[in-house]
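A single chain, nothing else alongside it, follows as structure tokens in the form predicted on its own.
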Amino acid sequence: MDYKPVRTFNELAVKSLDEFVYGVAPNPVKTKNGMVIGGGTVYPEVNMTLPPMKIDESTISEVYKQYAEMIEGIVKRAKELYAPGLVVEVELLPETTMKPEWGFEIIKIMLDKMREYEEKYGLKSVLRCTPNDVREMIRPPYMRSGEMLESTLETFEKCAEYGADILSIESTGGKELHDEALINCDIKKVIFALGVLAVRDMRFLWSKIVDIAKRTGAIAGGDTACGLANTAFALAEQGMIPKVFAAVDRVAVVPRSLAAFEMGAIGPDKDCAYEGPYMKAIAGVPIAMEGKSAACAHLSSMGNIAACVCDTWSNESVQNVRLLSAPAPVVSTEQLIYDVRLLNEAAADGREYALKMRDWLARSDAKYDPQAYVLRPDIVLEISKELVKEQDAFLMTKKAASLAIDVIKRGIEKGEVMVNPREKKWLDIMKSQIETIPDDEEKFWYELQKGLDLTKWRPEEYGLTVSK
């Protein structure tokens, strides 16, 4: 079956730089309890996880207890600090996705406490349910069939029926090849993994998630290239691949992440999708972003610039461990509330002040790393404007990578971005490799087959046929 987009984007939703700012999206999302995301207020989005522990039948009661303690602490602190509203994300772990009844019980615990605080204290909050993409637990993965897919979809269904507000996932289609391509800095295989495999998987998976959202009254939020482009920036952070390669990879994932919205998702996009500003520019959806206050989960060079056009501001995830002041999820809640309080206060004085704040956030990061540079709002709009001229996702991926290279090279020449001299050659290497990629997706697949290890992934799970 061919999974076709239900809508396309052939022009930008954000028409000018003066319209591209945090807290405001062309297509805001209203939740069941009246919160409007992208309607003028940036909300804190808190994500938490368990401390290191075994999860099985013998410990599941302790797991439930941990989540109950976390949500109690989070909503209590949010109430005490007069949060304008709250988004709570639960990224279910593999064990609690493979057993949907466990994931459901966790979501129920969270929602019951959140509803109690709204009824008693007027604290409006919504829950983002993010099952784990457990399809990758079997190698090579079955992407379109099998027990793992069924468990993931059942978890979505059960949690949405109980009242989970937003459905999201960190899907991993194409990761089997993308990881190898990153290690070898092979931009041709990166483009195939993202523009062919990942796009096809996104269309398949999000057709299912959107259908569940429609049946249950939930909101189909968005996806993230966490397992793809975030792997690239983690490798770059460790000096294992060039930062310019990771920056190009980030822009190259845009068509892949856009596929969720082409299939009917409406946002808010997922927090660890640093490509989110491109989603907002093209699709007009509200986006969750993370940066400096996600240092509890990972380090990055995009701590401030990530907030430029955010609609919710996230800590990514933090373990339920005790710090000097309070449990870590409570600490993250406080940090996020103060972050968004400053953003909202600047915006309350008028759009000109919000734009000034946005520009300060951008300038403070953009020059130090090409991965931050490609998130500069004016550059996001510049690249996005060219991408929407191309409706084929494969060709858009190819163009995205090429445009990112051109923008980074120009930034170096103008002195706008710092790039290690040893990395500059990689821009020309990538450019020359991209120029050898044919414009025909099937022809590209045929050319690549002999250089791929087809024992590590299943082409048929992406609707591809291996040539005899």
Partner chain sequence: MATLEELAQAVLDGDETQVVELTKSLMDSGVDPQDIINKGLLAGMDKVGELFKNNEMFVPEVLMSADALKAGMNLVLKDSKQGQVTPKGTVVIGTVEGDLHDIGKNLVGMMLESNGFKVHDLGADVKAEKFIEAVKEYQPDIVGMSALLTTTMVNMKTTIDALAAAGVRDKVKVIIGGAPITQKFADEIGADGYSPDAASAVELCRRLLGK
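Numbering follows the first chain given and starts at 1. None of these values were measured; they are calculated from a predicted model.
FYI, the form predicted together with the partner chain isn't displayed, but the following is about it.
Chemist: In the predicted complex, does Lys54 come within 4.5 Å of the partner chain, counting heavy atoms only?
Modeler: Because a heavy atom of Lys54 falls inside 4.5 Å of the partner chain in the predicted complex, the answer is yes.
Chemist: Can any non-hydrogen atom of Gly217 be found within 4.5 angstroms of the partner chain in the predicted complex?
Modeler: Judged by the heavy-atom cut-off of 4.5 Å, Gly217 is well away from the partner chain in the predicted complex.
Chemist: Though only this chain appears here, would Arg422 touch the partner chain in the predicted complex if you measure heavy atom gaps against 4.5 Å?
Modeler: Contact check for Arg422: yes, within 4.5 Å of the partner chain in the predicted complex.
Chemist: Could you tell me if Glu72 has a non-hydrogen atom within 4.5 Å of the partner chain in the predicted complex?
Modeler: The answer is no: Glu72 has no heavy atom within 4.5 Å of the partner chain.
Chemist: Which of these residues, Ile266, Ile241, Ile109, Val196, gets a heavy atom within 4.5 Å of the partner chain in the predicted complex?
Modeler: That would be Ile241.
Chemist: To verify the annotation, which of these, Glu116, Asp392, Glu136, Glu382, has a non-hydrogen atom within 4.5 Å of the partner chain in the predicted complex?
Modeler: None of the others qualify; the residue that does is Glu136.
Chemist: Name the stretch, out of 435-443, 399-407, 39-47, 422-430, where some heavy atom lies within 4.5 Å of the partner chain in the predicted complex.
Modeler: The contacting stretch here is 422-430.
Chemist: Is it the case in the predicted complex that Thr231, Leu235 and Arg322 each bring at least one heavy atom within 4.5 Å of the partner chain?
Modeler: Checking in the predicted complex: Thr231, Leu235 and Arg322 are all within 4.5 Å of the partner chain.
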